[in-house]
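First, one chain by itself: the form predicted alone, in structure tokens.
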């Protein structure tokens, strides 16, 4: 019998558009973090224009969320950010770092998609800092501490020349990034053969940095989005110690199979708990939010014992 690495919450989906007090068409691809003992969720929603905004929900247990009455982040209307956010802000990751929360998000416009960086300490006010990529990049996550004196991020540029792959880059100040290198690629006729991208911000473990990523497989009925895991070296995240040959989550429930984009589980968040488990959050079919639990040690061991080459 195949082992299940993620235990789905019996109350899924945990958030739908019916839970939002303002008009949206979807609730998905949310960043989640535990702040002052409370779970904070920043979720993406499509409007009936097809463009995206980011809402906020809070929870005491990580399962039952209440949405605040107004969106948390909408496209900038003026200043340097407005031109590059005109088509929407999407897929936030909440990156805890140095006593604050840095939010990386996809900003869409006629110029393509760039990654914006914003900062909050209280999830009440938010400060836009900079765009930290050129076009076209998505899925940026930042490691929760400096490594060898520099900040480190993972992301995924769009590329038709080489399959969509995971890259690593470094910064002295979170704004200027360089020393980029490709560190992981899809594998032909594998569950992630079409494209891959970082999902949740990396989780530190004694054996390495755990990266829960998404992989995409093309079928005659469209693409299937699944989740997998890989492990990065603690003192050199550009070195990957192992990539699980198996996925850890695949679309199975009705709301994962059918929706705005069918056959999708897509994560932007995993919250580690004191008991060695994590709460994993994923958008299902780009329509609703779901959650489940997993054992961190088991995911780390999966990377090392049932591994495929990173490239």
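Numbering follows the first chain given and starts at 1. Remember, it's a predicted structure, so these values are computed and weren't measured experimentally.
The form predicted together with ligand BMA is left out here; the points below concern that form.
Looking at residue 286, you'd find a heavy atom of it within 4.5 angstroms of ligand BMA in the predicted bound form. Although the partner is absent from this view, residue 264 contacts ligand BMA in the predicted bound form, with a non-hydrogen atom inside 4.5 angstroms.
Under a 4.5 angstroms non-hydrogen atom cutoff, ligand BMA in the predicted bound form lacks residue 114 among its neighbouring residues. Residue contact with ligand BMA in the predicted bound form: residue 225 places a heavy atom within 4.5 Å of it. Heavy atoms within 4.5 Å of ligand BMA in the predicted bound form belong, among the stretches 250-258, 61-69, 32-40, 264-272, to residues of 264-272. Though ligand BMA is absent from this view, in the predicted bound form it lies within 4.5 Å of a heavy atom of just one residue from 85, 91, 155, 192, which is 91. In the predicted bound form, just one residue of 33-61 lies within 4.5 Å of ligand BMA by at least one heavy atom: 44.
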